[in-house]
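One chain comes next, on its own, written out as structure tokens in the form predicted on its own.
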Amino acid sequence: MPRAGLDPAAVTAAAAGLADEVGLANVTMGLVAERLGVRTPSLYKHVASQADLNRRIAVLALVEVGDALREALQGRAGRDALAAAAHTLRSYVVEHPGRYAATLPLNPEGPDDPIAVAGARVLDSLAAVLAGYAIDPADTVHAMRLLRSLFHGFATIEAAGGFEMDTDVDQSFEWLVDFIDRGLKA
């Protein structure tokens, strides 16, 4: 019989927290069990495998990012929406590097796969940002890839401590947002 209070969501939350602390690659079923105060075999009543657990962490991260983006974008358009999305994604990646790492690479198994559903919410938010610009509909996917690549790249480099130069990282990020804004307006 499963331990009271332990369910797939609790196991996933514990694993996601560990991923942020020790890195996704270092999260094991044994470490999660230790965190939860149970024996490792007990976890298999709630998740099928390490791969299943990693997918669940990815879904959790995408849901959290999607929710944060939707909240940040409410009532915003143009550069305001762009900046809100950029800062939201940057903050999430820096605060939750382990769970964010679980989102790459993603291979949804179909349109109803929880990863596909949660990922679509994130992409819908990026599309909403682009709605404030005169982007040719044929170029929307390219523009979404641009946003995702630039935001992802900056945030993951920052989360890994890769910006070692003396220049203020926040100023560099604002420069990036302004640069993207000018490019989308051009």
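Residue indices: 1-based, along the sequence shown. Bear in mind that the values here come from a model prediction, so they are computed numbers and not experimental data.
The following text describes the form predicted together with another copy of the chain, which does not appear among the structures shown.
Looking at 25-33, 66-74, 141-149, 50-58, the stretch with residues near another copy of the chain in the model of the complex, meaning non-hydrogen atoms within 4.5 angstroms, turns out to be 141-149. Although another copy of the chain is omitted here, in the model of the complex none of Y92, P114 and D124 has a heavy atom within 4.5 Å of it. Another copy of the chain in the model of the complex is approached by D168, whose closest heavy atom lies within 4.5 angstroms of it. Using a 4.5 Å cutoff between non-hydrogen atoms, A10 does not count as a contact of another copy of the chain in the model of the complex. Contact check for I180: a heavy atom falls within 4.5 Å of another copy of the chain in the model of the complex. Another copy of the chain in the model of the complex comes within 4.5 Å of no heavy atom belonging to L6. Contacts between stretch 147-186 and another copy of the chain, counted in the model of the complex as any heavy atom lying within 4.5 Å, involve R148, S149, L150, H152, G153, F154, T156, I157, A160, G161, G162, F163, E164, T167, D168, V169, Q171, S172, W175, L176, F179, I180, G183, L184, listed in sequence order.
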